[in-house]
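For reference, the chain that follows is the form predicted alone, supplied as structure tokens.
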Amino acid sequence: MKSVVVNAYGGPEVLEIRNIEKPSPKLNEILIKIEATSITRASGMMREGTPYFGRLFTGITKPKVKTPGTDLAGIIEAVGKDVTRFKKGDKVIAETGLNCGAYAEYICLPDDAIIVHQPNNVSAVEATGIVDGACTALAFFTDQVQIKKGQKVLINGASGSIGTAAIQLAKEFGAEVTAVCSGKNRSLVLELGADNVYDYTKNELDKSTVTFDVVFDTVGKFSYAKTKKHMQVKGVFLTPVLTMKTLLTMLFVSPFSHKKLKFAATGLRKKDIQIRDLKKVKEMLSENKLRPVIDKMYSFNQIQEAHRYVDTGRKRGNVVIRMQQTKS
């Protein structure tokens, strides 16, 4: 089978497609024929090994795991004798976390891994396109804060993978949502449910006097110090991007302020919590309460090109690799 293999941190050129042996499921495993996988900003950061303290988990000098990719949608081709949750032919969505492995034609995962059945009303491309952003946003909106009806939520990077999901989730929870994005993406975020939009290219937020209960900086571009003026007295600043400045602020500034800064590595939470969130995302997809936003699709052979595009920071929603299996 074809699989991406990496032996060093670096740019998209480190992603090499090679032929390797197709895996066979153990007694408690399922063999998934991968139909689609997504490429996020986090994918690029893991490829580069940034931020550097993240290498404590991914490998100090080179990646511990040779095949990247953290989420997928596919069809079960075979199951081990002890598997009870799934059967051959089931369509599934899965998250692999730091174990990665989704940049391949096939993968074996334990029966009790972070896997759910794919809803019938979405394709594999749509499913894998929404899952990472939606699970990340859901984790912040339920574990770090509890979004309540009537609260004002500001979402920076609103047109990205996490942002497009966060808008829809915050609206589902009854919040008033203000999106921050470029002017060209205004219509997109409004269609997703945003009540107001600030164009960051025109510094519209800086000119505003509106304050928010929650500020969710999905792309790590805001400064907590500069954003405090836009937060209500007990407002919370959320970010999935941990920089040294963010870490120092969390340790020495936020604890002594009514306005809190919270970071979470959502992929490092306990497995049962991640399964809970993936089940909720599946439920919302099946009820058409979440709309996947797909910017571009690439073939597996174009994976370096896809990473280069995501590295530009200009994607709208999600970028997906659609697999085209060859004979093994």
Ligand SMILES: NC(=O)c1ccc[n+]([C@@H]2O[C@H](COP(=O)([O-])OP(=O)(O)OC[C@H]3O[C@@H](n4cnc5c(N)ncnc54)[C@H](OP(=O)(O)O)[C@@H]3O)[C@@H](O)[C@H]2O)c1
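Position 1 is the first residue in the sequence shown; the rest follow in order. Quantities reported herein were computed from a predicted structural model and do not represent experimental measurements.
Beyond the structure shown, there is the form predicted in complex with this ligand, which is absent from this document and is the topic of what follows.
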Would D132 count as a contact of this ligand in the predicted bound form, using a 4.5 angstroms cut-off between non-hydrogen atoms? yes
Looking at the partner-bound form in the predicted bound form, is K184 within 4.5 Å of this ligand by any heavy atom? yes
I'd like to know if T178 sits close to this ligand in the predicted bound form, meaning any non-hydrogen atom pair within 4.5 angstroms. no
Do G157 and this ligand come within 4.5 Å of each other in the predicted bound form, heavy atoms counted? yes
Tell me, please, which stretch of 121-129, 251-259, 159-167, 229-237 lies within 4.5 angstroms of this ligand in the predicted bound form when heavy atoms are compared? 159-167
The single option of A42, M284, L31, I303 touching this ligand in the predicted bound form, heavy atom within 4.5 Å: A42
One residue of A264, V65, I273, I294 in contact with this ligand, assessed in the predicted bound form (non-hydrogen atom, 4.5 angstroms): A264
Let me know which residues along 184-221 have a heavy atom within 4.5 Å of this ligand in the predicted bound form, or say none if there are none. K184, N185, Y200, T218, V219, K221
